[in-house]
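One chain comes next, on its own, written as structure tokens: the form predicted on its own.
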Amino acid sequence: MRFTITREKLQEGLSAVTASIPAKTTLPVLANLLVETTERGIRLSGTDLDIAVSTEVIADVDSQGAITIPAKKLAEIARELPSAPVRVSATGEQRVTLECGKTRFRLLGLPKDEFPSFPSVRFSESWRVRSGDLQKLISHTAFAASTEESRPILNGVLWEMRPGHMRMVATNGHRLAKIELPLESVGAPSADLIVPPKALEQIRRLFAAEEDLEIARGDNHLGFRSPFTAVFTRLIEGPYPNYEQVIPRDNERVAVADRNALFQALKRMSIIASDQTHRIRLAFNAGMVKFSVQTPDLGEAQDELSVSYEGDPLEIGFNASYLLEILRYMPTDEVRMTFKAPERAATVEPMGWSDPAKYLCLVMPLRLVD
């Protein structure tokens, strides 16, 4: 195998793929990238057996071939090379030589045959989705997924594909985020997919917003591809909880607030909140919300903010961290919050969002202890 590539193109390919390489592994070949020549240049591939990424970059190929190369060392070398063409060659004895100007490196690779094969997915039955739409769904929901091991199903993001729309939902049992977006056309049947957030982050990072993606599933995998890049991920198996039954339909108390002002007030109050519960008391009445925090071994704090409020006065407790996280992803200057009672779920929605997407977050209250 022999090819010449610009340092910039080599770095571009490496930056796409190296995030899928595990930091620690008992399989030596997983610490390597698979480098293969193609008709257009070279293809770089990496995997940790849960997520696999491959991307194609332009190069001048002199002779065909494939080999795996230590990913971390290759990335470090590419970063330090001068800005000049890089000549790469590999011999049958698994030695890889990189030359750039007067600089020369020789690395030990592993045979292509030791590299795991990528999952089989049926792109003949694929959905076509604009990357920008998918990124919108991911960025507004993935933050709400659980990071605890006790309920693995909540470690994933539910992605519902339907004729005419797609929806993403994530929850950790205490807060929930749900966004729905219309789809003009769907080429594959309806599906409920539970996708790891780590894989969704790769999708958000690798594909440009204007790209059209092909998305298809295998037995327990999902594949995403554009003309030059492909990502495969293992799906999380099992039934996702019925999230619709926890979304309140009869919250008659309504507050409308400036998102940034509310965010800043909560941030100030959270300094004194307990490190365990992050509990903050919110007292709503006509035109005002009062914040208060009491932490026995630390102190107390109060603040207040003008809001538009309809309904009977209400005192309710929340985990400030959950509210701050939700507000961080709200796409409008004003937010609408609805409440039923101090022990019932509250909702947070963007106010006046002109986007065709429908977005709603839910947060469970904390019991107030006097």
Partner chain sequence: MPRIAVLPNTVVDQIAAGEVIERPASIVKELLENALDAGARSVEIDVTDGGRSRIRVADDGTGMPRDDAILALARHATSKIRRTDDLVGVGTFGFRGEALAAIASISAIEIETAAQDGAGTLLRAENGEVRDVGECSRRRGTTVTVTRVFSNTPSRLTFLRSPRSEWRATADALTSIALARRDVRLTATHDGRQTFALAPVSSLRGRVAALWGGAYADGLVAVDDVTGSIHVSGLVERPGDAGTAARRIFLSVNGRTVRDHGIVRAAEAAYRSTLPAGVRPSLLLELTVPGDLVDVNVHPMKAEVRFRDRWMLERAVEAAIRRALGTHESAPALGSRAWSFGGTQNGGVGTVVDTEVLRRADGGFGPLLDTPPGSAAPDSARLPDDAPIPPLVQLRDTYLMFERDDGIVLIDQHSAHERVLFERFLGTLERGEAPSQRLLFPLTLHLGPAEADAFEEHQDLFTALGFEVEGFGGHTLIIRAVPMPHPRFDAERCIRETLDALAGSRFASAAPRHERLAATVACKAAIKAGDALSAAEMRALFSALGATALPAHDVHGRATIVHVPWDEVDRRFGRR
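Computed from a predicted structure; not experimentally measured. Positions refer to the first chain, counted from 1.
Keep in mind the form predicted together with the partner chain is missing from the figure; the text below concerns it.
For the three marked residues, G173, Y243 and R279, a heavy atom of each sits within 4.5 Å of the partner chain in the predicted bound form. Of the residues E148, D113, D250, E210, just one reaches the partner chain in the predicted bound form with a heavy atom at 4.5 Å or closer; this is E148. None of T338, N319, T47, T55 but one reaches within 4.5 angstroms of the partner chain in the predicted bound form through a heavy atom, and that residue is N319. Taking the partner from the other structure, the partner chain in the predicted bound form has no heavy atom within 4.5 Å of any heavy atom of D303. Under a 4.5 angstroms non-hydrogen atom cutoff, the partner chain in the predicted bound form lacks L14 among its neighbouring residues.
Mapping the unseen interface onto this chain, E343 counts among the residues with a heavy atom inside 4.5 Å of the partner chain in the predicted bound form. Shown alone here, L362 lies within 4.5 Å of the partner chain in the predicted bound form, counting heavy atoms only. Considering the partner chain in the predicted bound form, the lone stretch of 259 to 267, 174 to 182, 211 to 219, 83 to 91 in range is 174 to 182 [heavy atom distance within 4.5 Å].
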